[in-house]
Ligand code: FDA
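Encoded as structure tokens, the following chain is the form predicted alone, with no partner shown.
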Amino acid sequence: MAEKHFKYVILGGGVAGGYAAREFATQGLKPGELAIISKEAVAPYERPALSKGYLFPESAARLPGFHVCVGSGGERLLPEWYKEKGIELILSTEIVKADLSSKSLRSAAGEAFKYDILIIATGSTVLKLSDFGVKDDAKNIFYLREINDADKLVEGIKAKKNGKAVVIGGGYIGLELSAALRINSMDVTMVFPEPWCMPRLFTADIAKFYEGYYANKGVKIIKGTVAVGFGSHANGEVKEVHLKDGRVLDADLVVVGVGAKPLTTLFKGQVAEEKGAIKTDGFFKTSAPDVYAVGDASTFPLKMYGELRRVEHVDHARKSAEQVVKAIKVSEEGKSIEEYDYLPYFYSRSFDLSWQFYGDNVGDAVIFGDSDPASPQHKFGSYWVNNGKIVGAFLESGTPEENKVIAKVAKVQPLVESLEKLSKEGLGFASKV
């Protein structure tokens, strides 16, 4: 089988891969210089749609509607766009061996690819219950990461109309999928081991609002326990979830969202790692010559906090992809750009809720606004104050202008005299910064 050679190879056809391709086209690219190799069968798309609009019972999001870069208000890059730009989209191709010393990749089908410069944009894969020793091979137990997973889940929802769904996990996926299943008129129970939902970001006060809101929408919440097994019907379909605390929940389908891990196995022992991912500098360069890593697969210097961090979110996937291409292009000209200076940003949408968070959630959390889950307003927020200054800001149901204001306050990190006064001023404080 003939070996294919490219100047640039992006390994991974997710969000980062698509945004990097667009940046290459912007910076200038000759036909045949760039290839994207992806194990998925479709061109890069905006992955967050899978846990939101894709699952709606009516007017559901479908491709080509959410190909990148539509998620950030940009042009939708359809497969024809890559062709027009002379970018080779190599789809349905799983790379099983990477030799960084010889700059070569090999696929499961035995195809060989050579590159001059490699961008690792492999993202993450879901953690499965089997990773924790729990057998999860019954039918109608779903995980969500790729469009194929979403298609299977949609079929499962249709087949079990008005049935009982158990969602295992209380983070991003747990919250967004519990909402989507309720919108599909399913009887939903969410189970997670922590004392409140979304514990990596939410404080107990913030979580109290969302748990109350979800309860008002009919979602049952069971905290402080985990799934340890499943019961099945004779046809192999799941019928019940066994919890560690002894409870047994009836289930027509189960969705699991218990975290993710970076897909970096191909490169073990060939690049330096840190915090479970590939260590990079502020230009996403790894310890291996001509190899870069972006998005979920990278641990990078978070300049504003002076530490190395891995950020698992679509916003960082987009921005790191743009940064790496700019860095590669200027280095070819013997020039340089500024190091990546990222303000951590997370967001989520479910039911008619929409929150945004900027910065860091360390220090004292100061809540403001109306956080009563029964309130028709439900607009509230929180600041995090560390060493006398605001380091993070969160807002539920903010306008675009208000979200810009809280982003600015997290970036500027103004000093705070009184936490009590800050709580009373709320958004007013941020708007003065």
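Note that residue numbering follows the sequence shown and begins at 1. For clarity, every value in this text was computed on a predicted model and none was experimentally measured.
The form predicted together with the ligand exists for this protein as well; it is not shown, and the discussion that follows is about that form.
Student: Just to confirm, with a 4.5 Å cut-off on non-hydrogen atoms, which of 327, 241, 188, 95 contacts the ligand in the predicted complex?
Tutor: It is 95.
Student: Can you work out which of 219, 100, 144, 87 has a heavy atom no more than 4.5 Å from the ligand in the predicted complex?
Tutor: Looking at 219, 100, 144, 87 one by one, just 144 meets the 4.5 Å heavy-atom criterion.
Student: My question is simply whether residue 313 lines the interface with the ligand in the predicted complex - judged by any non-hydrogen atom within 4.5 Å.
Tutor: Answer yes; at least one heavy atom of residue 313 falls within 4.5 Å of the ligand in the predicted complex.
Student: Within 4.5 Å, heavy atoms only: does residue 40 come near the ligand in the predicted complex?
Tutor: Contact check for residue 40: yes, within 4.5 Å of the ligand in the predicted complex.
Student: Looking in the predicted complex, any heavy atom of residue 50 within 4.5 Å of the ligand?
Tutor: Flag for residue 50 set to yes.
Student: Can residue 123 be called a contact residue for the ligand in the predicted complex at 4.5 Å between heavy atoms?
Tutor: Contact with the ligand, yes.
Student: Only one of 270 to 278, 203 to 211, 151 to 159, 305 to 313 gets a heavy atom within 4.5 Å of the ligand in the predicted complex; which is it?
Tutor: Heavy atoms within 4.5 Å of the ligand in the predicted complex occur in 305 to 313.
Student: Pick out the residues of 211 to 232 whose heavy atoms come within 4.5 Å of the ligand in the predicted complex.
Tutor: Nothing in the stretch sits within 4.5 Å of the partner.
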